[in-house]
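One chain is shown next in structure tokens, namely the form predicted on its own.
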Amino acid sequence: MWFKTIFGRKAGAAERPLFDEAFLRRLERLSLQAQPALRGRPAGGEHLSRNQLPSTIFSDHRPYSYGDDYRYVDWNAYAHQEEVFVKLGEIEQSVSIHVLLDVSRSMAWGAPPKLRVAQQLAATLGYLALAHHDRLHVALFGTAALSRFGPAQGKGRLLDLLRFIEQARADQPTALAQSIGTYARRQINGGVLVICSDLLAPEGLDQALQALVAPRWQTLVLHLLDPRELKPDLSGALELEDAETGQRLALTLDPDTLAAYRNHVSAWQEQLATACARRGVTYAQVLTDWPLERQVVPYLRARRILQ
């Protein structure tokens, strides 16, 4: 899991564009699903809020208070009860969308590299935030939050977003909990926070999630995995290299060793899912060989991350 083979590394996928214009047009039909409990801004957004304000389209009432707008008085109720009530309706709000992109060294591994898939996911979610008038923040992280993009609103910032994401390089050591904790403490209003990472960090995901408390935060973890991490296509005598530290390990992969590895990976996946469920965090595994539009987007819709 932690290792890459030091032989036969493939390259070339990174030269392709993140996605094309036709995909963006189809993508606009979707939006990120945000919880009504999030603290947002009532102007210009499309997400429902738990807050209720005077409205012509209403679902509740409250007694009239001095200064209320007469346009929202329910005169029918006044005619029947001789008390003045104001009509209250659910308001729509914009929320902050934070996309954290892991640029640790292990993200450079895979075919295509995990970083490339993470970049596509970050660009897809970022575009949806811009297209639906949310406030978008994108940050790269390794041992700490590195360079940032945003806050930005509106599709006019798309090219700036793509340029920022394209320049990301997976060349940092990993400190998942420290990076996410530092970032979360600096964002006092919270919002939707999406972590795009392979989660290969010594301190583990559970510690990182401690700083992301609901309802201030709605957290999504997109766990990137290369299919060969789940089913290695290796056998015999090998020398493996730790993608993060460069440490090398010589071993012989026989059927028993491979079976033990698969059991360990399965237990690790279950541990991650349990940690997320305990904290109310949405956890989704994304394999790097999944086509973005035909498989990843439908998968995120099925998990109610997109709607």
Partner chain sequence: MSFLLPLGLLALLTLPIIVVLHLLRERRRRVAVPSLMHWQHLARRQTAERVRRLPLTLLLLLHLLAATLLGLALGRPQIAGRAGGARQLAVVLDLSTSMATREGESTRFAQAQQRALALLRSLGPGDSATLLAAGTRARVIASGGPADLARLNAAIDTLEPGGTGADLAGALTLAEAVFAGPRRRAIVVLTDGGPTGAPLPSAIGAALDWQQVGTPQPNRAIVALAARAWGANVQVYARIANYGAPAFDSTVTLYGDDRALGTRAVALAPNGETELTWTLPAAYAHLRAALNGHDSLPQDDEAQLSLAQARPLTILLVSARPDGLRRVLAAVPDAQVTTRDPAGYQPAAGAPGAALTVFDSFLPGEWPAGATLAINPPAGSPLLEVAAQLHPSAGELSRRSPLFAGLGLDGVSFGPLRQVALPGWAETLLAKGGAPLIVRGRVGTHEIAIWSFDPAATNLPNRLAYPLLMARTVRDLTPPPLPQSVQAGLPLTLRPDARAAELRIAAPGGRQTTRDARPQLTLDDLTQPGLYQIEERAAGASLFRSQLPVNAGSALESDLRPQPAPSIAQAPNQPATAERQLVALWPWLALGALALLLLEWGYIHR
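The structure presented is a predicted model; accordingly, all values stated were derived computationally and were not measured. Positions refer to the first chain, counted from 1.
The discussion below concerns the form predicted in complex with its partner chain, not included here.
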Spot the stretch among 127 to 135, 77 to 85, 103 to 111, 158 to 166 with residues whose non-hydrogen atoms come within 4.5 Å of its partner chain in the predicted bound form.
103 to 111
Taking its partner chain as it sits in the predicted bound form, is residue 257 in contact with it (heavy atom to heavy atom, 4.5 Å or less)?
yes
Residue 235 versus its partner chain, in the predicted bound form: is there a non-hydrogen atom within 4.5 Å?
yes
Does at least one non-hydrogen atom of residue 261 fall within 4.5 angstroms of its partner chain in the predicted bound form?
yes
Contact test in the predicted bound form: residue 200 vs its partner chain, heavy atoms, 4.5 Å:
yes
With the partner left out here, which residues of 244 to 272 have a non-hydrogen atom within 4.5 Å of its partner chain in the predicted bound form?
244, 247, 248, 249, 250, 251, 252, 253, 254, 256, 257, 258, 260, 261, 264, 265, 268
